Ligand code: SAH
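Quick setup: one chain, the form predicted on its own, written in structure tokens, and binding and motion questions come after.
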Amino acid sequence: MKSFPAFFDLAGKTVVITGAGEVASRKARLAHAAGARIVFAGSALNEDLVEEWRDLAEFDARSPSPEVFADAQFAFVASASDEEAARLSDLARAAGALVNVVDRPALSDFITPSIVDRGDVVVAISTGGAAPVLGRRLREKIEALLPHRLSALSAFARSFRDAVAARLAAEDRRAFWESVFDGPIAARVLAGDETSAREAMIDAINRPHTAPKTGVVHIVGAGPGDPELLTLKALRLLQSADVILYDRLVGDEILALARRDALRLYVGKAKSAHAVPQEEIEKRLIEHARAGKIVVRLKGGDPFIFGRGGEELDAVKEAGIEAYVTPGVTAATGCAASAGLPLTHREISQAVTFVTGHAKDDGEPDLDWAALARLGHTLVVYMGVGKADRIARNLIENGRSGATPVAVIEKGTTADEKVLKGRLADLGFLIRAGGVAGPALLVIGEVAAKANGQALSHLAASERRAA
């Protein structure tokens, strides 16, 4: 370890900053966030800096001298020349201040790290001044894993520290706090429900510490396939999960982001081949949560858009288990955007309707085809590849033009994405000619013509004539 990390209490302490511009402002923002008294010293302060800090800092127009640094705990020197930087750092150091010379670690007493600020929880990342940009990149990755309400959770825990210490023996406290941070109490705080979290915390403190721990279930949308379309919250939950039950549409790249020692259970369903019945999936969610585990039910797209997330949420809640839902980028919006296809367009389509082409026991979807055909705007069909011919026929028989543009998006947002374009009358032939096996999304409407894809209408037409 080249540098020793330490945290200073700057509340009410003086921090002097010499220099001007955005670099000086960045240092001031850090010190101000820690409660310091900010003094900008020197006559070369620019107008933008003065405007930003007019009501938040003090300005000393004197040429920097030992007197300027007399009360300083820290001094930041943001000067252009090495000679001036060395002179100012010597003045500040002689006055008793610790000095940071921006971008000159050899002249500095301390280095300013990249900081993740969550109130009481602060993470500092340093590369010893060797690669500040690398430090910022690491900060971005850590930012993604830490919930923004982490400071609220820290304050919540602090408010109960004395009560826990009075009620539990020292050897039992660690396990107790682990159960709090890993279980439904912390989940409630992070979700903004501090009232019920406090009630649950009081109950946990007052009951015997040997009482069985109950876990929590998170029903999480993994998005349409591209790992970079995961939400920050979904990524954080994957990193904290003890058990992950995942679907067929969740790719290896997304699973690779999960905690390495998490138990991963495949419960996906393929057409006419259910790997695990829905009732069994719900049973497993409940069993693992009752064993005190953090359980993530990871589903492709959004769990509440044709994903049975509502059924699983009901089952878990009826079992008395805490459950939360994290939305995902649904296939319709993600795949359409990836294909350059606007689902709504002011000049073409003012609305969009989502339907499923799949029904229970592989039956015919119970849809009002006449109403769908009359809408005239964008129609998106999930899980419709196997019934594409019937979908097209039902719409045309009920009045939708066979010339209506369609797009088929297979494995959207992934490296294997395939986008085909054609006409509604040729939809089934289009799928066969393009070798589409799924998972795929069908987009029907004028906007489909805008997709960045391969037009195969001529192949579909020749196949139709041959048939």
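Here the structure is a predicted model, which is why all the values come from computation and not from measurement. Numbering starts at 1 and follows the sequence shown.
Same protein, other form: the form predicted in complex with this ligand, not shown, and the subject of what follows.
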Using a 4.5 Å cut on heavy atoms, which of G412, G434, P405, G42 is close to this ligand in the predicted complex?
G412
Heavy atom within 4.5 Å of this ligand in the predicted complex, from candidates G215, G135, G251, G307, belongs to G307
Answer among 122-130, 170-178, 84-92, 375-383 for heavy atoms within 4.5 Å of this ligand in the predicted complex: the stretch 375-383
Does this ligand come within 4.5 Å of any heavy atom of D302 in the predicted complex?
yes
Is S108 close enough to touch this ligand in the predicted complex, meaning at least one heavy atom pair within 4.5 Å?
no
Consider P224 of the chain shown here, and say whether it contacts this ligand in the predicted complex, taking contact as heavy atoms within 4.5 Å.
yes
Is T330 one of the residues lying within 4.5 Å of this ligand in the predicted complex, judged by heavy atom distances?
yes
